[in-house]
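Consider the single chain below, provided in structure tokens and representing the form predicted on its own.
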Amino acid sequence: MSAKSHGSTNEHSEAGIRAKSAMPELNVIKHSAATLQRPPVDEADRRLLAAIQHGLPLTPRPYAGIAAGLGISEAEVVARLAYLKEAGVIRRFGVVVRHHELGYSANAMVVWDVPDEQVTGLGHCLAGFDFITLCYRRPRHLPQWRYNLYCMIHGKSREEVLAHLEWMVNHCGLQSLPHEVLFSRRRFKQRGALYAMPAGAGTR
């Protein structure tokens, strides 16, 4: 069994399929969008970014709906999104999944005490698993906190999460590294980042 087939992923959610199906439209006009001569982000871009920060409408033509709200054409919405992605303002289109609603109720942050010179290599090894959704390095806070490498595993049960952990320990050779498995106990908030302030915010 390969590491890739062993992993679980949320990419097959209905919302994920919808988001992916929209991407070819952006790619079609990639070259023409990249040739636009204008500042990286103009006012129309900012209004567009504000309009999509809560997600795309779940309709057959989401860009048309956004365009109607902004008073521009569907083609301009697609062109501007392609330009912003090409310019690096938008890194990627993705799906913010509420994993509990999809049955992924067991979630664990695994923290590792990794020799500093090995962090990069082991970080890349852990990040290669589909069932790892976050993996990053943080500074130690000695003597209270020794751990410097973090990764998040989502699963439908604790047993599944622990099976994933055992798999990656053996695959990446982590048997000798001290670590702790911190299962989530309660979800207080989960959403995507908001970058555009609503009208009137910050005036009080």
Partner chain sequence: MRPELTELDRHLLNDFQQDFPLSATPYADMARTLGVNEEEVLARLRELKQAGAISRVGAVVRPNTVGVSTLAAMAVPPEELEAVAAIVNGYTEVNHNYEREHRLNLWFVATAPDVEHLTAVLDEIAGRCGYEVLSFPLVEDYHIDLGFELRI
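Residue numbers count along the first chain shown, from 1. Here, rigid core means the biggest group of C-alpha atoms that superpose within 1.5 Å across both forms. Computed from a predicted model, the values in this text were never measured in an experiment.
Note that the form predicted in complex with the partner chain isn't included here; everything after this is about it.
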item	value
Contact flag, Trp112 vs the partner chain in the model of the complex, heavy atom cut 4.5 Å	no
Residue contact check: Gly103 to the partner chain in the model of the complex, 4.5 Å heavy atom	yes
Contact of Ile52 with the partner chain in the model of the complex (heavy atom, 4.5 Å)	yes
Met152: touches the partner chain in the model of the complex, heavy atom cutoff 4.5 angstroms	yes
Residues of 96 to 114 having any heavy atom within 4.5 Å of the partner chain in the model of the complex, listed in sequence order	Val96, Val97, Arg98, His99, Glu101, Leu102, Gly103, Tyr104, Asn107, Ala108, Met109
Core fit, then Ala75 C-alpha moves 2 Å or more between the shown form and the other one	yes
Cα displacement of Arg137 between the shown form and the other one reaching 2 Å, rigid core superposed	no
Core-superposed comparison between the shown form and the other one, His99 Cα displacement 2 Å or beyond	no
